[in-house]
Structure formats: C-alpha cells, structure tokens
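Just the one chain here, the form predicted alone, laid out as structure tokens.
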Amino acid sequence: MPSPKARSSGSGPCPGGNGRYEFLSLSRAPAPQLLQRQGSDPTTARLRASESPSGRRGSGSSTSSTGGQQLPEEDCMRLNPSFVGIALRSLLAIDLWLSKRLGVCACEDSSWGSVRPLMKLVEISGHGIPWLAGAAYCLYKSDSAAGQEVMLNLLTALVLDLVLVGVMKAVVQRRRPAHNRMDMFATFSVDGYSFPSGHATRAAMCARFLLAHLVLAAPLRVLVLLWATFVGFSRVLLGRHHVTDVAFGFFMGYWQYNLVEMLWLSPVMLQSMIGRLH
C-alpha cells in the first residue's frame, strides 16, 4: 500500500488536512518539483501538453502557423452570432433566391424568354439617355415660362438622379445577379454594379414629378403609375437586378423628388444666377 507521501506527490487525489481529497487546479501553476519531473521525461511532457485544453485547441495548422500562440479573438469562429447578423444573412439568402426565381426573362431559353424583347423595350423607356434628351428637347421647344420652368427642373432632377445613383453604386459595389446578361443599352462604368437600380429610382422620381406638375387625365395618371411599377419589375424579370436593388431604388427615387422640390429653380432665380456669373 503506497504511503500518503507517494499519493500526494502525483497528479491524482491526495488527502488534505481535513480528510477530504484535493485535486490539482488547472488554473494553478504546478509545483517546481513537478515541473522538474515533467521536464526530465519528454514523453510525459508531450502527453500532458496534448491533453491540455490549450494544446487541443492549438493542434493542427493553427499551432504550427502561430508558433504555439493563441489566435486573436477576431480570427476565431464566432459561435454566437448576433441576431442582426442572422437576420441580414437570412434576408440576403432570400433576396438571392427570389431574384433568381423571378429572372424568367434573363435569356432566350428562360421560361419567359419569348417576351424578353418586350422587356428590353421597357428597359429603354426607363433609361436615362432618352429622358435627358426628351427633357432637353421639350425645354428648347417650350414657348411659355411655366413650361420652361417645369422642363428645366425635370432636366435638373434627371442629372441629380444620375449623380446620386452613380455615387451609391460606386460606394456599395454590389455585383449584378449571376444569371444577368450584360447586353444592356448604353452602359457606363458604374453600370456594372447592381445596387441600387437606377431605372427604379428614375421611374419613381419621374412618376411623382409628372403627376405633380403636369395636368393629366385620370387614365394617364394610372398609366404613369403602371409604367413606373412595370419598369421596376422588368429589372428583376430581365435578371438585371436583385429584388432589394429595385425596392431600395423605388424608395430612393421617391425621396429624391422631395430634394428636387427643395432645390426648385424658377426662371427668375435662373436669370439672377446667370447675371451673377456674368
């Protein structure tokens, strides 16, 4: 039967002064004589290092690459992600899945590929170049001060829309859907990005502008709203944009009109600005 001294020198339980067994704490530094005994036996030291929690976590490539040091906290896997992170990832997954399912006119062999030419005509109707050219032509041909004022501010709103959407796309730099075909009409550098949809912002802003400043009959007002909605949906059907690109584009274009109203230019103000420049 081993003596109490032999039992207390090992790593197993040893009776304390009160008759209860005590165990070596993992957080307590080992005794000097125990370290000396482990250092004299290389096999025992390697086994203890592999059985320790830090040895098990640092095994493999992480131990060899960091030289035995613990990885920084930001490099470790987060097992408890935040609720906001989970919600955003779920929304992104739904957005990608829904955009792919709705891209029924993305190419000729899609399920609705036969109506792709019609969708491309709708795409051209919401493009910035026809709108800029049309507003400039109407401004040139207008013979009334009220008509010139409306066309001048419409032209300013279109330029403002191009600038804001271009800046937003350059900042976000979201890629277009993988099933999109880059055969769009008159594209520029930032048109390679997807967020937000410039067609959706332009459609929403121009629809509000036309309904507020042009005297239109009820059927024409309904047609303007249907046109703006159809332009936005055509972006998803053609595979040009994700659903969230179009949704945010409608939101952005709706509030862009409020900015246009704040920066409204009257002929008197324009003449005074030109006079100051001269």
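Because the structure is a prediction, the values reported are computed rather than measured. In this text, residue numbers run from 1 along the sequence as written.
Although it is not shown, the form predicted in complex with a small molecule is what the next lines describe.
Out of the listed residues Gln173, Thr187, Ser125, Thr156, Thr187 is the one that sits within 4.5 Å of the small molecule in the predicted complex by at least one heavy atom.
Just one of Leu102, Leu139, Leu162, Ala207 comes within 4.5 Å of the small molecule in the predicted complex, counting any heavy atom, and that one is Leu162.
Under a 4.5 angstroms non-hydrogen atom cutoff, the small molecule in the predicted complex has Ile129 among its neighbouring residues. Although the partner is absent here, Lys169 sits close enough that one of its heavy atoms falls within 4.5 Å of the small molecule in the predicted complex. Mapping the unseen interface onto this chain, His242 falls outside it, with no heavy atom inside 4.5 Å of the small molecule in the predicted complex. Glu149 falls outside the set of residues with a heavy atom inside 4.5 Å of the small molecule in the predicted complex. Heavy atoms within 4.5 Å of the small molecule in the predicted complex map, among the stretches 85 to 93, 196 to 204, 139 to 147, 106 to 114, onto 196 to 204 alone.
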